[in-house]
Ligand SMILES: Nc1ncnc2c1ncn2[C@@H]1O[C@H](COP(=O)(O)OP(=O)(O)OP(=O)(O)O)[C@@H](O)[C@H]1O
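The chain that follows stands alone, in the form predicted alone, written as structure tokens.
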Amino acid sequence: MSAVIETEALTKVYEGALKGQDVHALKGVSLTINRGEIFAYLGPNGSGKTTTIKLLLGLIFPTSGTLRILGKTDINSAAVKRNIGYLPEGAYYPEFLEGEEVLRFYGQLYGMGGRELERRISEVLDTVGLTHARRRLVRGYSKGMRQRIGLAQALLSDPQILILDEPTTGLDPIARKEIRDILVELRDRGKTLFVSSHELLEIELISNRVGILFEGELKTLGTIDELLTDRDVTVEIENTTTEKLAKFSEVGVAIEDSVDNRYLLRIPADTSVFKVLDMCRDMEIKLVSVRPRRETLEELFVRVVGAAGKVKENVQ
């Protein structure tokens, strides 16, 4: 696989007005993002995600380190710029314009025009499922449709790389799935997607690799299968009592969920499943199901960020 984005020890320091007030937004971040993958860039607010995006777009410059896009260090060259599509968080488009007029305006900014521009407008509207609304005013678009017209403008120049900031935040479940399906289709066409998001369930479903950032430092990096290795077992039971549930807590078994008189027990990897099953039998608790369970991306995120926060507290 060929790399389309590479950073080595990428560092960004924002100078403060007074001595000692400098902000170290990025601290030696090294990444390789390959062609045809969805790379999820995660982190809490203030971790350096937006700074990274601004560096990739050439809006700001690194304090130190190197950055290569499509093998070029001159990331502000026309050859690189035309191969990057960007969807910002909360993008705004003039509401008095029709959908196709928005795209025509952006196409002219790209230096496109004539039949080629009209052809691309039709193609990207078809890709994002907005052909039927191309002549509708943006003020009549739902939030999901506005996200799709934003994605269409990012695709207009047929870029190799898409940088997407919170592409599904605030959307209803149907709109999220529609955007998710479009992103997977784009990846399958060979596009490389760099996605920054707090919607961890969506990211877990579509991403190939994940990087988690905390206070400017990359804390973990890998594929979903590599990172979500912590596995345990869930046991569903019913017809029990508070006293019996307390027995499970004593041996480290957590009550993960409950509906009416049915409970979902989570058995950690260091606790014997057979011991819990024996407890159910001895206490005459009805066993409904036993299922293997993999750690979720949200749980990994909380674990990684939480551990980094504790290390920081101990150092201070």
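So that there is no doubt, residue numbering starts at 1 and follows the sequence shown. Being a predicted model, the structure only gives us computed values, none of them experimental.
Omitted here: the form predicted together with the named molecule. The next part is about that form.
A.B. asks: Have a look at 98, 118, 89, 204 for me and say which one sits with a heavy atom within 4.5 Å of the named molecule in the predicted complex.
C.D. replies: Looking at 98, 118, 89, 204 one by one, just 89 meets the 4.5 Å heavy-atom criterion.
A.B. asks: Using heavy atoms only and a 4.5 Å cut-off, determine which of 46, 36, 268, 65 is in contact with the named molecule in the predicted complex.
C.D. replies: After the contact test, the surviving option is 46.
A.B. asks: Counting only non-hydrogen atoms, choose the one of 65 to 73, 252 to 260, 277 to 285, 47 to 55 that falls within 4.5 Å of the named molecule in the predicted complex.
C.D. replies: Contact-bearing stretch, as computed: 47 to 55.
A.B. asks: So, residue 219 and the named molecule: in the predicted complex, are they within 4.5 Å at any heavy atom pair?
C.D. replies: So residue 219 does not count as contacting the named molecule.
A.B. asks: Given that the named molecule is not shown alongside this chain, does residue 297 nevertheless sit within 4.5 Å of it in the predicted complex, heavy atom to heavy atom?
C.D. replies: Residue 297 lies outside the contact set for the named molecule.
A.B. asks: Residue-level question: is residue 81 within 4.5 Å of the named molecule in the predicted complex, judged on heavy atoms?
C.D. replies: It does not: once the named molecule is placed as it appears in the predicted complex, residue 81 has no heavy atom within 4.5 Å of it.
A.B. asks: Given that the named molecule is not shown alongside this chain, does residue 198 nevertheless sit within 4.5 Å of it in the predicted complex, heavy atom to heavy atom?
C.D. replies: Answer yes; at least one heavy atom of residue 198 falls within 4.5 Å of the named molecule in the predicted complex.
A.B. asks: What are the residues of 20 to 35, in order along the chain, with a heavy atom within 4.5 Å of the named molecule in the predicted complex?
C.D. replies: If the 4.5 Å heavy-atom criterion is applied to the named molecule in the predicted complex, 20 to 35 yields 23, 25.
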